[in-house]
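Below you'll find only one chain, the form predicted on its own, shown as structure tokens.
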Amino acid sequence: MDERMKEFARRARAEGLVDVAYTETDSPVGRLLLAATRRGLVRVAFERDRLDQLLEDLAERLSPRVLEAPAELDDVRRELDEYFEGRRHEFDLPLDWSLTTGEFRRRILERTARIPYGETASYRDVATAAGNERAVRAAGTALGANPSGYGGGLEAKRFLLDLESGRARVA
């Protein structure tokens, strides 16, 4: 992004003309799209998702005022870099749950976000923590419908599990 575009993005944000800021960033699991609102991080998507479709979805579901504004996501990129380097085990970023529909789904995702670094939980564990131990399939469905998705593929999933278990090589 050239300096003129950076200034445009900064001015648009300062004047309240941007509801969703986004950028792309490189990571060990591929290129990621990051999107945030004033409330917090609203979307993380893998490169295999089409950028134009992701932006269209954000515009339809949140606001048509979507703008590439990398500086607005500096904290997100910094925390992700620290995580991938093995130096960060908890994120301090505010989250915007606007794309999550349904109270139970939101409880599932909130509970999943609290699983400690290096640990895993079964769908039953997550369903129980969300208030319905018998909703195992619903927990799986909620995680599959996560607006930040998990479309990274098995290789990315294995890398993340290895990273948190200490088996991955980090930069």
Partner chain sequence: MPTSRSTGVKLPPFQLLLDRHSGELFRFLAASVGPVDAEDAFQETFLSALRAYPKLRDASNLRAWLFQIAHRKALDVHRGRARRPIPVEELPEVATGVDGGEREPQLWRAVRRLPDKQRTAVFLRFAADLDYAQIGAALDCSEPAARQNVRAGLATIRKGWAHG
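Positions refer to the first chain, counted from 1. Only a predicted model underlies this, so the values are computations on that prediction, with no experimental measurement involved.
As for the form predicted in complex with the partner chain, it is not shown, yet the points below apply to it.
- None of 105-113, 53-61, 118-126, 26-34 except one has non-hydrogen atoms within 4.5 angstroms of the partner chain in the model of the complex; the exception is 53-61.
- Residue contact check for Ala12: one or more of its heavy atoms lie within 4.5 Å of the partner chain in the model of the complex.
- Although the partner is absent here, Glu68 is a contact residue: one of its heavy atoms lies within 4.5 angstroms of the partner chain in the model of the complex.
- Of the heavy atoms in Leu17, some are within 4.5 Å of the partner chain in the model of the complex.
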